[in-house]
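The data below hold one chain only, encoded as structure tokens and taken in the form predicted on its own.
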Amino acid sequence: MSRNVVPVGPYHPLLEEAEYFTLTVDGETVTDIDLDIGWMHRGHELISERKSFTQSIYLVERICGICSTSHPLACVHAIEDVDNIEIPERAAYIRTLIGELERIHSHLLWLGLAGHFIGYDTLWMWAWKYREPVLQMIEIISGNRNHYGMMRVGGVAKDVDPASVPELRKQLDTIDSKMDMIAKAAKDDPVLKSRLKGVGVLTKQDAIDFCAVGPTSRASGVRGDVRKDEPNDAYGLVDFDEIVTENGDVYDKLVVRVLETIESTRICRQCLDKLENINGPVLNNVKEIGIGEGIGRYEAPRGEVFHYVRTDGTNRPIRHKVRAPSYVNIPTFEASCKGIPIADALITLASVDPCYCCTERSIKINHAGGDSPGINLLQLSRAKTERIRRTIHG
């Protein structure tokens, strides 16, 4: 067998965003995999240092459309951590409600894409059809289907209208019935089992070694969920199960996400119950943030998202650091893809639900000595593009 290199990306039907993978194959077997990042970096951390705290919340909301409440939640947790700011009880339940609706929306989106990637378009159409009621619920609460604009330091931007609660419950009933059907299909469907069982296995030890988080690690038998380990908002006040399986293959990652959506509807119902019985404000009047450092953690649909904020007593952060779950989940490909057929590699890549725009980072390179001006990465990128163009077109 001869060894060949198979490029995947930066633009590829499997990839929702630009990224570049290099697969080394021996015949049909993947022997090595490499990742070239940097195609989607937009400099959110630096931009945040030039914005007010409220503007930074809106900014990080746009790091990822699917996690457009996970980053703001981690961000406000970090800012609130600087001064140990408490939020109203009603706001805590609203935050948790929005976060769990987004989890359902994200898992159903991934489930549909996973079906599409393996040619099972019926699953794709089902999952995305049943995702619509979730987006409608979010729109009822916030006015938007994505980028909800709900998070504020000290609470949330708007209350849940009590008149909308019956409609929200009705939509949850719809989601529950459909998720029960999908869960049974995932359990019994021979197509899913034959295509996904035993594929792209990430062992428990590899998940620990790569510091994997979220469904990627829990599907390998590693417990870890910020909602359980360090509950914030209303997570310590609601009842739900942490879904953990043992096999670590793509099928178990699917099962974890499907069962997590059912747990999320449980949490949403409990939040609505509390909101019907709790009155009061949804936002504390926080006039200023002192000098200090804060960290914010939140269990995003893909796993723990982490924000670090340093403040100097002004109305903006002087340092803002973001670590998304895909940043630690994507390197697990090194363990899960080697030794498998190339036909299984792409669904294995997709099984961690990677978000590349969350993950991307860029660096400034200085010449030795530190006194010379840094290399302009934009110029390097344009020069490389020009070299590729000349190679192709002559």
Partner chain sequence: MIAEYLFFILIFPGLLFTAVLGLIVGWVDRKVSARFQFRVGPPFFQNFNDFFKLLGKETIIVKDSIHYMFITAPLIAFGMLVIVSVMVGTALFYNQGFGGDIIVIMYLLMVYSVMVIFGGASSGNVYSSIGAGREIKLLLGDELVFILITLVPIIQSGYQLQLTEILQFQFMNGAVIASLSGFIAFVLGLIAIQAKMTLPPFHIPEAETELVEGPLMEYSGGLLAFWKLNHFMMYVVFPLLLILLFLGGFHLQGLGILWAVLKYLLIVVLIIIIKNTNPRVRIDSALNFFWKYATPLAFVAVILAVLGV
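Residue numbers count along the first chain shown, from 1. Owing to the predicted nature of the structure, the values given are computational and were not obtained by experimental measurement.
Omitted here: the form predicted together with the partner chain. The next part is about that form.
**Student:** Report the residue, out of Tyr251, Tyr235, Tyr130, Trp110, that has at least one non-hydrogen atom within 4.5 angstroms of the partner chain in the predicted complex.
**Tutor:** If I apply the 4.5 Å criterion carefully, the residue I get is Tyr130.
**Student:** Name the single residue among Ile118, Val222, Leu168, Val160 that comes within 4.5 Å of the partner chain in the predicted complex, judging by heavy atoms.
**Tutor:** Of Ile118, Val222, Leu168, Val160, the residue with a heavy atom within 4.5 Å of the partner chain in the predicted complex is Ile118.
**Student:** Is Thr122 close to the partner chain in the predicted complex, meaning a heavy atom pair under 4.5 Å apart or at it?
**Tutor:** Answer yes; at least one heavy atom of Thr122 falls within 4.5 Å of the partner chain in the predicted complex.
**Student:** Report whether the minimum heavy atom distance between Leu346 and the partner chain in the predicted complex is within 4.5 Å.
**Tutor:** Heavy-atom contact with the partner chain at 4.5 Å: present for Leu346.
**Student:** Does the partner chain come within 4.5 Å of any heavy atom of Ala18 in the predicted complex?
**Tutor:** Because no heavy atom of Ala18 falls inside 4.5 Å of the partner chain in the predicted complex, the answer is no.
**Student:** Hey, in the predicted complex, does Ile388 get a heavy atom within 4.5 angstroms of the partner chain?
**Tutor:** No, Ile388 is distant from the partner.
**Student:** Name the stretch: of 185-193, 81-89, 280-288, 214-222, exactly one has residues whose heavy atoms fall within 4.5 Å of the partner chain in the predicted complex.
**Tutor:** Only one stretch qualifies here: 185-193.
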